[in-house]
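Presented as structure tokens, the chain that follows is alone, the form predicted on its own.
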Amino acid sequence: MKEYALYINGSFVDSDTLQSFASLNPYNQETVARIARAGVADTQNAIRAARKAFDDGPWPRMPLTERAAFLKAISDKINERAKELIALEVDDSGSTLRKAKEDIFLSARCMNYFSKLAANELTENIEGLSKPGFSQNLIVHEPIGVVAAIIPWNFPLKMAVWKLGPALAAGNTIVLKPSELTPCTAMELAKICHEVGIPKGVVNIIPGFGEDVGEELAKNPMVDKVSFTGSTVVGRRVMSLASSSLKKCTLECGGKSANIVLDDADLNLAIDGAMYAIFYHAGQCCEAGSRLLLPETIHDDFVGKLVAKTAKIKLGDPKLETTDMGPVISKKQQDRILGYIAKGKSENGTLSSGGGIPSSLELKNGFFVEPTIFTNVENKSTIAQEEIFGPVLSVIKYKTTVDAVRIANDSTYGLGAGVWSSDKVKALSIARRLRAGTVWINEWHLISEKAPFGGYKQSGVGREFGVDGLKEYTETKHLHIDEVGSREKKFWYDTVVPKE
């Protein structure tokens, strides 16, 4: 069994209270690791370390190529330790082996991408702002300061890298709180940062709970920005706490993404795509395609084939390559999902597949929920409006594409959406009318570190990834450089300054 200490100011230390907690394997409930539990005092220590490292340390003032080299070294270390990190991610989070391999690979790739962005100055020259010879005008992007990052449990290492990469590339220092349910690979990332020689105080990683660590990070006046990924309810709380000192916030919150199939779609592709959209990682994805919109003309045929294929999804030990879907993260989450399934039944949805806990003895110790499909769902129903964060699909019938767009947009969320059609021009026209931050055409879940990702409406504030995501970790400054030179030519001074 592994043991992890807090990582504060370049050292691995016990928590101030000497408390710890266990991280459990959701497949068999065995203890994966014991982790030091950070409290308020530890959080304040980490923030002070980050503050000092930003105000007095070398990191924000370091040559860009040197800073970029540190990020590249982190990426290389993730690749070097991939096998170990994959195994740990499977045990700690219930990710299937196939998913975990992809996650670790993409984590390294993401950090490598931000190492390249770190090497380039974010400076723009404003052409045409004034007459030639009058002034030069530049927009520069400077590090914002101390970043507090709070991440969820569904993609532990990827989410940690998604925060560290742009924050460090922009020259900030950071305090990261991984989820108490899946802290292990984030703590291995702390070891990697230590091994590559990141200056002390630049990266601080403190596992703990939201009611003390998260709250302190969001409200502490020494923190300049909060970057949060999680539920909309908690996102609202983070924003409220951050408002006390007008912190900049990036919030990537919940989703109830609409997956629209048109009647000219390739059905085999769309059926597999719909399954991938909702059942990938047991539906524990913020942009999961949890609402499937089908035209009346193909509804029955599509649902029949979808239900038949869903029945073949193999639930099992996440360590096995043959396992298609693993457990959900915890008993609490399992109960929550089952509660939504009961709600779907009570609101007259037709349970067409799944809906319970699998009976196999092999799975008895895991937090499994069967892949579940509801048909005859009304968009106003609870299971079509609220984020379930589990393998539960709501199938909604529509008459026209106008209806489909209206139904898709009838949600408080707007993180992702999809359109399936053999006519890409028509699909693109529909995609442009969907109120969502990412819209896939004949695809789902493919997110690139090079393209901005975030939500409309209550799915969030700001964007991650790409240059847009990097800028979220900066302050923007306009530099006006005079080229007029002499006092005599500055006639506008005469509006206030007395003439001699």
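Small disclaimer: the values here were computed from a predicted structure and weren't measured. Numbering starts at 1 and runs along the sequence shown.
What follows is about the form predicted in complex with a small molecule, which we do not show.
message: Considering non-hydrogen atoms and a 4.5 Å limit, which listed residue (T229, S421, T375, Q334) is close to the small molecule in the predicted complex?
response: Checked against the cut-off, the match is T229.
field: Contact residue in the predicted complex, chosen from D410, D324, D263, E215 - any heavy atom within 4.5 Å of the small molecule
entry: By the 4.5 Å heavy-atom cutoff, the listed residue in contact is E215.
field: F453, heavy atom within 4.5 angstroms of the small molecule in the predicted complex
entry: F453: contacts the small molecule in the predicted complex.
field: is_contact(D224, the small molecule) in the predicted complex, heavy atom dist at most 4.5 Å
entry: Judged by the heavy-atom cut-off of 4.5 Å, D224 is well away from the small molecule in the predicted complex.
The small molecule contact at E180 in the predicted complex, heavy atom, 4.5 Å: Output for E180 is yes: heavy atoms within 4.5 Å of the small molecule.
message: Just checking whether D91 would be counted as a contact of the small molecule in the predicted complex - the rule being heavy atoms within 4.5 angstroms.
response: Because no heavy atom of D91 falls inside 4.5 Å of the small molecule in the predicted complex, the answer is no.
- prompt: Where does the small molecule sit in the predicted complex: which of 167-175, 73-81, 376-384, 254-262, heavy atoms within 4.5 Å?
  reply: This holds for exactly one stretch, 254-262.
Whether G210, V238 and L415 all lie within 4.5 angstroms of the small molecule in the predicted complex by heavy atom: Per the other structure, all of G210, V238 and L415 touch the small molecule.
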